[in-house]
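As structure tokens, one chain now follows by itself in the form predicted on its own.
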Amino acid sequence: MSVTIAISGKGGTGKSTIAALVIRWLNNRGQTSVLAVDADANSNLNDLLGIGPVEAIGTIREEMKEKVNNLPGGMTKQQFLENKIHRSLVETRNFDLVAMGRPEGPGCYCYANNLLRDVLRNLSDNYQYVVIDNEAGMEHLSRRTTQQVDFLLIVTDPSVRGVQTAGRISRLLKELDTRVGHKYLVVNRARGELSPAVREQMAEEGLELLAVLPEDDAVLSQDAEGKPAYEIPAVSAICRAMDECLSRLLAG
């Protein structure tokens, strides 16, 4: 049974960087049976992991909609999806990566999405860890592409409005047919102690704080130079903070 860690939060909070650093942390502890899932339509998780362009599953779904009555070689719909998804999977020595692409829009082919959910669930069973970089609305979770999450990390900046957004994401879980074992707040890009107003808002939203991650020039430097977050020096403040919080989260 795999352990699924999902990361969510509004754009600009650094959640994709955190997803990349979670994968790096696992790899540095000898865990290489890791599936990275880029489920944010606007994300660039592949770049943050140092991987080139990835074919999105959303493209595969659209292709199936067009070819549904003329699949190659007498393939069934399930066989077609399985074949295309496995071909889109990027395999590396330390982790594999699959990109979801945009969620279905008007005229969506629901049967294809049901098949997609089943294929991805079976794919996930082949890994010890699954790390999902979600968008704030968690569209792929709400559409049941993923049905089980062991740990959900909701990322925010150190502002009252950011914590309010995190609270809305947390409340959204009640509307989803998704089992979430534990959910935590991660405050990113903090400069010193959190303000009393932020802590008060956290209490009002009922959010459990896992970690306060510091603003780190190492992150800005990697981004400015176009280098992957996966390669941020281990001695950096952000990596030390991630080490501390993930050691607590996954203790034992």
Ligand SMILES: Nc1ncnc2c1ncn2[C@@H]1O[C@H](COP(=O)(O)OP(=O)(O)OP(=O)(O)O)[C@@H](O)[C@H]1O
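A quick note: this is a predicted structure, and the numbers were derived from the prediction, not measured. In this text, residue numbers run from 1 along the sequence as written.
Keep in mind the form predicted together with this ligand is missing from the figure; the text below concerns it.
Q: Can you check whether Pro214 is within 4.5 Å of this ligand in the predicted bound form, heavy atom basis?
A: Pro214: contacts this ligand in the predicted bound form.
Q: Using a 4.5 angstroms cut-off on non-hydrogen atoms, would Val219 count as touching this ligand in the predicted bound form?
A: Residue-level check for Val219: yes, a contact with this ligand.
Q: Answer with yes or no whether Glu62 is in contact with this ligand in the predicted bound form, where contact means some heavy atom within 4.5 Å.
A: Close contact is absent here: in the predicted bound form, Glu62 is far from this ligand, nothing within 4.5 Å, heavy atoms only.
Q: Can you check whether Ile238 is within 4.5 Å of this ligand in the predicted bound form, heavy atom basis?
A: Yes, contact at 4.5 Å.
Q: Going by heavy atoms within 4.5 Å, which of 50-58, 203-211, 26-34, 185-193 lines up against this ligand in the predicted bound form?
A: Heavy-atom contact with the partner occurs in 185-193.
Q: Counting only heavy atoms, which residues in 17-34 are within 4.5 Å of this ligand in the predicted bound form?
A: Residue within 4.5 Å: Thr17 only.
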